[in-house]
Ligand code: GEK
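Just one chain follows, in the form predicted on its own, and it is written as structure tokens.
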């Protein structure tokens, strides 16, 4: 069911010319509906990321939400930490996303951790004194050649015993299993009200933009970077959320 005040995603409902997916004004306008209807278990992931942040945030440290979009995860964390002496840095390179996030932050009349919103490229973000870093469906949009460098920057800016929470669309090394989960995912999207045209056109738009990797690829990258522990804490179809400790 469409949530109250949430504009429904109809971006791919009409036949359109091919083109890559872009986080522009049109996407920002319907993103809340889009992400909740496109990622199985998204609301559960956001809620649990906030609880993980509460458990591992160190006093007087920073929490980074890299690729924060409209700030759903940021606000969930902030509300979970009303009295913890920490600050949250929310970063996205989409002006449309950050603009809407700042408006929402200004409208919230609740006690929560302070939030700094920044519109910038996360590959250029200076990370320091971080006890919690969140990459919620963000790394998959970074060029594969740049992913190691980003994770290395995250690791370097994290405090000892800090936690990285990484949520991603994943692929499976077994071709039959990968095909099965892709088909199941498309069926899931159909059950959420998307037409076959919408599913097909969005898949084509994302083909060169969202490049998923296997869980083993994520594990190897994080362990080789220096993280001491890694595992998957949530998975539904071809979407997973992982944790790693410094």
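Numbering follows the first chain given and starts at 1. Everything quoted here is computed from the prediction, not taken from an experiment.
Beyond what is shown, the protein has a form predicted in complex with the named molecule; the following relates to that form.
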Whether residue 137 contacts the named molecule in the predicted complex should be assessed with a 4.5 Å heavy atom distance threshold; does it?
yes
Classify residue 40 as contacting or not contacting the named molecule in the predicted complex by the rule of any non-hydrogen atom within 4.5 angstroms, answering yes or no.
no
Would residue 31 count as a contact of the named molecule in the predicted complex, using a 4.5 angstroms cut-off between non-hydrogen atoms?
yes
Is residue 113 near the named molecule? Define near as a heavy atom within 4.5 Å, in the predicted complex.
no
Only one of 50 to 58, 175 to 183, 63 to 71, 212 to 220 sits within 4.5 Å of the named molecule in the predicted complex by heavy atom distance, namely 63 to 71
Answer key: of 154, 132, 97, 166, within 4.5 Å of the named molecule in the predicted complex (heavy atoms) is 97
In the predicted complex, the residue from 159, 93, 148, 79 with a non-hydrogen atom within 4.5 Å of the named molecule is 93
Contact check, 140 to 177 vs the named molecule in the predicted complex, heavy atom within 4.5 Å, ordered by sequence, gives 140, 141, 142
